[in-house]
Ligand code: ARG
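Only one chain is given next, in structure tokens, and it is the form predicted on its own.
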């Protein structure tokens, strides 16, 4: 069975040129798409883009990672001293952490005029060093149709074993590496990614928030755009150019590659490619999944998030200090609120469901006609059974993610789930007390972005959604009792919880953590609700979720393998999965709807036209507005029309995680930084839409204009390799 799958993958890879514009391509497949890329205008070879043994473009692309290892954005190295560029919204959290009311660099911007002024940022970056195909190792002794439960366990055990071996083979360097084994084609292929992780990252420059977020949520996912969505950081290393913890003695990392920057401009039809770390796409989602997401799951996420955002914005607009405190939270919730809102609209429209259904019917016919029922015959029934249960029980996990996890007191309570049992057990009591002591040391950070009036109202909103939207049989008994007793007055319930719970007051929480009590925690009302909800999911609903996941996982794997076999003469790009990908296309305009046309670039004139002094979303520094009105563009004006180009469009295929990715011309020179997709293709994670799907990028010349003219950071400009 394994050999047959390898043959299918090879057959698919050999035909990639058939649909080369669609897809986020793994770097190991670049040799297969080199010809169509060069036909569109690429001047480089696949080896110059991705090479293990030699310097290549991939060495200039960075993967932004939290200190805990979670990937969240992309960036690109733009100087020999490891200066790197990413989006403003990618650096937002780090900049906010460095800001105070007295030194609000989030609002005012920041430019280090020397390396000694650069400030430590609280995240890591990973540099991809190599990719290794480990499919044979992972699937050794495991067949595609093995019984699901034992197969899942065997697969998990094998991945751990293989991963341990890969790390051990790194020797002394293993402490500086993160190695991840990623699944491609829904478990039909496995590639190991080796990331060298640098831990000393420092903020170099960021424009004022009014520049980096110009347009706010009103313009989010929309074209035309006029935001300068960028921030700049630097990677530091020890004397050996290796990763090291922050130390003033560290030196700028010497990169294997940095991107030269083109000031020549772009034109419609020019080749463009993007390298980065797209998060997740699900372009093989079953038709019933489209119906579930568009009709139930996405609309509920939208409503829960919108209610929380409304509370945030009410207070943020009234108080600039609250705005600073909650700005990162609002941005985090709001970005995907907008995306989910668009997906709820698009996925519920006629078209996509019918197209998926047609593909599935063709697949079923092919299975029967080719005698493949013994391998793929159960795909349809597996999907139908899984989605039937997901429609009944799927929202419980949604409300844990989008509701409870967005209430800070409930999140605090989640951190202590299981502690009463541990405290009552002599074997684990010391561990529990150690956990409490550790949490006590982090209370200042936990309550740094905690404003009681906001959090009390958010708590009431979350409780209302839980009770009004879900089956009460799977809610905590205590919550059901509270709602009945208080006649669905959620404000009153929140007031009561606020007065009694340790999780709503820093002093009470500190007192508890110094001397943790099992009985006190178990009786805490917010703990009772949060713990009760988690217990319902992890105990009562666990068999249901296990069954859903088992059926869904098996159906995905079989359907993908079958589609590869059925379409052996066509290219089937693998879904994005957080690994480095390349997408290529052209600079291109589009027609969003009947009678309308969108140009492929915007200019500074649009900023002046949208500018509203003291507006929450469309304010801008008066110095910037004056320069733009007087057209003081310097060397950053376009050589053909004399205007300052701000943002541009390309038909590159990207998704979340690509934020901050380098947009490159055919010579591998930087022309912009990707930061968004467009509203008309908001559902592109589910289907490629070549007629309207566009990537929105900041023109690098506008970025440099802001650095130079507004930031007056000539020292940064002097570092760069500019191509005129």
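Positions refer to the first chain, counted from 1. Here the structure is a predicted model, which means the values were calculated and not measured.
The form predicted together with the ligand is left out here; the points below concern that form.
Proximity to the ligand in the predicted bound form, taken as heavy atoms within 4.5 Å, picks out 215 to 223 from the listed stretches 129 to 137, 502 to 510, 215 to 223, 632 to 640. Though the partner is left out of this view, residue 697 does not reach within 4.5 Å of the ligand in the predicted bound form, counting heavy atoms only. Although the partner is absent here, residue 464 lies well away from the ligand in the predicted bound form, with no heavy atom inside 4.5 Å. The ligand in the predicted bound form is approached by residue 335, whose closest heavy atom lies within 4.5 angstroms of it.
Residue 659 belongs to the set of residues with a heavy atom inside 4.5 Å of the ligand in the predicted bound form. Only one of the listed residues (620, 331, 564, 588) places a non-hydrogen atom within 4.5 angstroms of the ligand in the predicted bound form, and that residue is 331. Site annotation in the predicted bound form: the residue of 356, 258, 557, 89 reaching within 4.5 Å of the ligand with a heavy atom is 89. Contacts to the ligand in the predicted bound form (heavy atom within 4.5 Å) from stretch 98 to 114: none.
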